[in-house]
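This document starts with two versions of one protein chain, written out as structure tokens and named structure 1 and structure 2.
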Structure 1
Amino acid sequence: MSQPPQPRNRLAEVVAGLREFYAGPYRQTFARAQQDEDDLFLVIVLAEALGVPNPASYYTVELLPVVYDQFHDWHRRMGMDRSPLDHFSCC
């Protein structure tokens, strides 16, 4: 026989339900906004690789490994099956 839910859990469930009711309809809109921000960040990090002089490249070069996976997602999303950068071949 299953245990009846504890009051604390029930309260947590209500709060989770309320949060879902608040955020649910706009999940996609926020995801898209987040993606736009991520893409901008990616472009800044890859500025040097794209041939755009970047005064902050001393700092951003460290972030290249971090954006590696994102870059692969990005070029696939943009309709390029292979990496467009010769020296940045993720696949």
Structure 2
Amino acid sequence: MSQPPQPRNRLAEVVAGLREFYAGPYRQTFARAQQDEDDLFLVIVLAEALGVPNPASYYTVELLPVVYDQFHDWHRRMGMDRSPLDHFSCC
């Protein structure tokens, strides 16, 4: 004898279905917007290294170790075969 579905499980299924219904068709658009936002954040953090004066470099220098892992993918996405930074070569 099967037990009836729990209300909490049923509610989670409805929420997942609604999320898929509303966000599913725009998933690629959301992913592209997130990628653009991440690229902008990376440029802001690396601004001083790229030669752009950055008044917030005191704060962004602490984030450099975090974005170094993403740097190679970023410069390849921007169409640069090699790293644009003289002091940092990732490939």
Partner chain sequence: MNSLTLALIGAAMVLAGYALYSKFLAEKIYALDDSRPTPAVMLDDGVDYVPTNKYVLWGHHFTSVAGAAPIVGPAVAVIWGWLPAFLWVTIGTVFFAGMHDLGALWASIRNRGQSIGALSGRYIGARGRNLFLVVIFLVLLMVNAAFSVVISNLLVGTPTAVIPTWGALLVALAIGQAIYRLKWSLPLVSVVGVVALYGLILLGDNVPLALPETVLGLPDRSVWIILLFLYAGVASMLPVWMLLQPRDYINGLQLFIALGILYGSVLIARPEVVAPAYNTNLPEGTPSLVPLLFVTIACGAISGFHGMVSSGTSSKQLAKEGDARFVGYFGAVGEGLLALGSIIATTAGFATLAQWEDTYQAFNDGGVNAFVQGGGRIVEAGLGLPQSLAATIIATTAILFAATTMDTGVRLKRFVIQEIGQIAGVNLNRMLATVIAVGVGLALTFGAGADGSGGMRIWPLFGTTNQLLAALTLSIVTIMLLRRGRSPLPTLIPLVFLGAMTIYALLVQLGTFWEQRDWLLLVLDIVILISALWVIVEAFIAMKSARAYPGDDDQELALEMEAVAAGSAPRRGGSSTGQGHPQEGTPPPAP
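This is a predicted model, so every value here is computed, not measured. We call the rigid core whatever largest set of C-alpha positions still superposes within 1.5 Å between the two forms. Quick note, the numbers are simply positions in structure 1, starting from 1.
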Quiz item: Pick one: which is the form predicted on its own?
Solution: 2
Self-check item: C-alpha of residue 13 moved at least 2 Å between structures 1 and 2 on rigid core
Solution: yes
Exercise. Check the Cα of residue 23 between structures 1 and 2 on a core superposition and give its shift in Å.
Key: 3.0
